[in-house]
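Two forms of the same protein chain are encoded below as structure tokens; each is given separately, as structure 1 and structure 2.
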Structure 1
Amino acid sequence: MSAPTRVAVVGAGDISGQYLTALTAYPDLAVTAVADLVPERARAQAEAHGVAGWGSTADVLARDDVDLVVNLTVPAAHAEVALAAIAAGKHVWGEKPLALDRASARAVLDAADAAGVVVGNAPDTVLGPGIQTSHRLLAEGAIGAPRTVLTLMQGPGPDVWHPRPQFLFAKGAGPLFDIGPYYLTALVQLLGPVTSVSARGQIPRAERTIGSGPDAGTVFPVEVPTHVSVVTEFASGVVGTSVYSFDSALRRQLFEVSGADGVLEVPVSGFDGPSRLLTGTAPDSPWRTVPAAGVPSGRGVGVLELARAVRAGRPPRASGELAYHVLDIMLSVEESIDLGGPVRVESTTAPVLPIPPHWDPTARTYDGTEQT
């Protein structure tokens, strides 16, 4: 039982390097293969990271030495690749979003249940020591009962740096679906499920220009709102105000929870940032910085948390149900923009306990020292 969980990465594009660097370093995991629609891309990433196997998705899913598939394809392929992996009897970790629509996302979760495999999906920054420290501060009552939350994600958009940014301005992306999951997954983990949303969306620029790589200078159309404003109601009674924007020269990320006894600033971007607390109400009250407690981690920590959860027979923290709820919220925001009014969010998800600070991704735990 102490052999590592054997992992295959499907999708050898931009983000796969960060994943492969982390996954090949965690002793509880062994990366056995890399797949891509473009086989040379799979081969290059496999060779760069010392992974023996590479090939097409079908080749890799047919392998006996793969327990868990890490789905790093583009959002439009997420459900199809997840379903193929489940049909091959593999557990699946997926990059956000879970799928592009509710029916496909539900089909993935139902297929996994029927096959007896487990699905995890999130931007896994939410499992890093930074956000987990904020989660523990909230749970310990550091700001009293949460009342409101303010989140801002503003910037010029990924067309300025991504070599293939078209998919980030197409259905299934835009700031809401591409960046929203970072905020919404953290919002739901920290504050519980959402019950309704009311939103407005704008497309200030109908075309964008690729800013880097071999296709730099190519103009492409924008298909989804690039500035989205949302009012969110949570089951707990908390009310949130959020902006998701690719239309600002100002780069700003903010996540502030206001409670009965103070304000908590959550380090939403990255894995290991500090939390900040403001508990006085005088104009010059100082913020207190609380460093992230826990072993530093990076992209891929969600794969490890899922693998360890499967091994221990417990649900993963970044579960398929949580990802479904986050997708349902984003689709409800999209519907609210189209309707011009509030939309009820029908799904919900169970509360998740924070990760304890002693949880160590770099430890070998399958020898009986399972860390929950």
Structure 2
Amino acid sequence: MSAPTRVAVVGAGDISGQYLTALTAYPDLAVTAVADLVPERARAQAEAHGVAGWGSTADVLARDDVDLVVNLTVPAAHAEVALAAIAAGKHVWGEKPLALDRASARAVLDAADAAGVVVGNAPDTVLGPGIQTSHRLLAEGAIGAPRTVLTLMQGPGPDVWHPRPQFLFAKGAGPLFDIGPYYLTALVQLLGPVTSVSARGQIPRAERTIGSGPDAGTVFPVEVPTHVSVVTEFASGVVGTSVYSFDSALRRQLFEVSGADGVLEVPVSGFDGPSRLLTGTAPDSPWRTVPAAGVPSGRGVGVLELARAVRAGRPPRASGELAYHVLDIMLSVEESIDLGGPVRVESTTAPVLPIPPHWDPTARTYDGTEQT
């Protein structure tokens, strides 16, 4: 008899609350355990969300009632925990990034292939009705053949508001690794794989000051570029320009795809924002707002889509291979900054089909037909 996919969450930090709230509400999933380096923290989150099991990572991975592990550990531990879960025969959904280097990320994917399990990876904002509506508009030719894309993410930086921001300015973070995956994953899903990048990076301030919380006023070093500019070339011929910055007093987010017959503005904040279309070439052509089509979703929808994909025997849309390609792009950007010239992106990834608007994360499908 069919049954929900049984899920364990590893890592009971702040973001686990968002995941557990969503995962425990999806009929196709059953959360059976929570793990953490501090078992009592796992117990507190488990009890808060009505989950019966809790314990150390090793305890939870040894359980027979876990099919899929949600890896919410710190980035430096992503590969290690994923490999342990795979060795235990579990599918894995990981938070971004897949790993911090190509060798570790490839080891995770190769181990999953050998074990016959599947890896998916955040961000899952790309699976929300907002970006999926833009994806369908592009696929339907709403702006003709895409030619260029412009993305901007700029603001003063998380040191202004975060009580413990040091890790966001350390190796493996900064605006490129912290925010970049949201934009790059959407870029690749909508426009296909990237073939090369040319980038420049700056560290305008070598030190930052914590702006809030008990450590307010504490000065800490900046280890990575906090302003990154990138020119991206896609296999399709599309050329992109992107800025990722923690050095602007102006807060701005933008994602615009220009095509032969118009411009598409893709929503970048959250899961359910509207798209905007500008069709025609006349200077006074009006923008048209296109509401997000589909059932609203949120954090954790990627876990659900992965579980349904495994059940249906197809690759997940937010796949490990897609996450590897995004990681490869980000590492290539770092290398381009260091070299002062273009860097070829050696990896690629398969095209990703849009999610149909009738796809419903709140439906029970494990005992019926999967909503492709």
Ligand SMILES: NC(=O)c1ccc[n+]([C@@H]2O[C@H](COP(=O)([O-])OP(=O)(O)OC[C@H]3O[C@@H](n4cnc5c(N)ncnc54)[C@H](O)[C@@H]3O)[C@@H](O)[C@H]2O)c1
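Numbers given to residues start at 1 and step along the sequence of structure 1. The structure displayed is predicted, hence computed values, not measured ones. Superpose the two forms; the largest set of C-alphas matching within 1.5 Å is the rigid core.
Undergrad: Out of structure 1 and structure 2, where do we see the form predicted on its own?
TA: Pick structure 2; the other is not the form predicted on its own.
Undergrad: Is V231 displaced by at least 2 Å at its C-alpha between structure 1 and structure 2 when the rigid core is overlaid?
TA: Where the cores coincide, V231 shows only a C-alpha shift between structure 1 and structure 2 that is less than 2 Å.
Undergrad: Any CA movement of 2 Å or more for Q166 between structure 1 and structure 2, core superposed?
TA: Yes: Q166 shifts by at least 2 Å between structure 1 and structure 2.
Undergrad: Superpose the two forms on their rigid core, then report whether the C-alpha of V219 is displaced by 2 angstroms or more between structure 1 and structure 2.
TA: Yes, V219 moves 2 Å or more.
Undergrad: For T281, give the CA shift between structure 1 and structure 2 in Å, the superposition being done on the rigid core.
TA: Once the two forms are fitted on their core, the shift reads 2.9 Å.
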